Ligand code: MEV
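Before any questions on how it binds or moves, here is one chain, the form predicted on its own, in structure tokens.
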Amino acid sequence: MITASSPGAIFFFGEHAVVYGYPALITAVDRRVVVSERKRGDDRVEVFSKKLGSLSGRVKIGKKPVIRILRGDPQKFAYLIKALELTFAEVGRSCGLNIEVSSDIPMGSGLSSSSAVSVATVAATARVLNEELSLSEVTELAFKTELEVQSIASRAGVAVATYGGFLWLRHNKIKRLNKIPQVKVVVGNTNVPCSTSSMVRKVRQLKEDHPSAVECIFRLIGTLTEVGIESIKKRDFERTGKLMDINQACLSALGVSSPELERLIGAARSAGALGAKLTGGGGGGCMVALVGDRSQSVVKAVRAAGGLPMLMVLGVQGLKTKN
């Protein structure tokens, strides 16, 4: 049995703009996806998840191996299936598998659960096939997984799921930030499922319709990311919070916020949060508040506003694998 686990992530700054080549600041959170795989003696793929149910398929061998679904909803396991197919193709071998998936990352919440699934599946499958992939190779295959499922994606979520910690990311360049101090955040889940892929497509359409205006918003988000990193390094958290608020205004202008997110963000700010914004794709999912010494007040306010508050530890370890 091979087990791989990867963390979820939050965006401090930069979501959506990062898809178009602007920088983002992302960090790993202490919630993980765990994928356990055992090799079978046939070509069957059997997947089980307590949250999502089960799926059965068969590996169809060819130039590009394909998982032919026999039973179950392939949409629920789209990232896992695509990660299997791409890893089989990369390694040049395939096999039947028994797979168990567990997660304490709320699905559809903007905490990069799909990235964590993709990374953990690629890593576990490669190990089952006795192939040692580098972290950069795992990241690239997981990115290709998201790209094929969503049609447009960035390396942000999969980079954090692989490397952990705090990352600056732009284009194909990933930089680990080692001088980020401990930061207290409260993540508030709206309990409204969100689809990152649909939000990415929505922003893409907006950019096609209004290219100059949207490009200006992206440039501002990129500037907020760079200035925000410097403010965090200097422990100027009040400034960081204000920059988060401006980033939220940009995301609202892109049409990816929602009434539920705005309600939780407003409640967090009213309770003393230094700043608050949505995190991830938007449309639902989660917001993140920089809380300083007001964590309990913000937790109570988010709960009273109808959200599920979660205190998060940031900058945790990335991909872990074990036999």
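Residue positions are given as counts along the sequence shown, with the first one as 1. Note that this is a predicted model, so its numbers are computed, not measured.
Absent from the display: the form predicted in complex with the ligand. The rest refers to it.
Problem set entry | Selected contact from V19, A305, V299, M312, since only one has a non-hydrogen atom within 4.5 angstroms of the ligand in the predicted bound form | For this set of options, the contacting one is V19.
For this session: Report the residue, out of I232, V185, L80, A153, that has at least one non-hydrogen atom within 4.5 angstroms of the ligand in the predicted bound form.
Result: None of the others qualify; the residue that does is A153.
Exercise. Should F12 be classed as touching the ligand in the predicted bound form when contacts are defined as heavy atoms within 4.5 Å?
Worked result: Contact check for F12: no, nothing within 4.5 Å of the ligand in the predicted bound form.
For this session: Flag T190 as yes or no: does it have a non-hydrogen atom within 4.5 angstroms of any non-hydrogen atom of the ligand in the predicted bound form?
Result: Contact check for T190: no, nothing within 4.5 Å of the ligand in the predicted bound form.
Problem set entry | Proximity of T196 to the ligand in the predicted bound form, heavy atoms at 4.5 Å | Output for T196 is yes: heavy atoms within 4.5 Å of the ligand.
Problem set entry | Contact test in the predicted bound form: L133 vs the ligand, heavy atoms, 4.5 Å | Close contact is absent here: in the predicted bound form, L133 is far from the ligand, nothing within 4.5 Å, heavy atoms only.
Exercise. Heavy atoms within 4.5 Å of the ligand in the predicted bound form: which of the stretches 80-88, 67-75, 232-240, 153-161 has them?
Worked result: Comparing against the ligand in the predicted bound form, the contact stretch is 153-161.
Exercise. With the partner left out here, if you bring back the ligand in the predicted bound form, are G8, T27 and I105 all within 4.5 Å of it by some heavy atom?
Worked result: Not one of the three qualifies.
Exercise. Which of the residues spanning 109-143 lie within 4.5 Å of the ligand in the predicted bound form, based on heavy atoms?
Worked result: Sequence-ordered list has one entry, S112.
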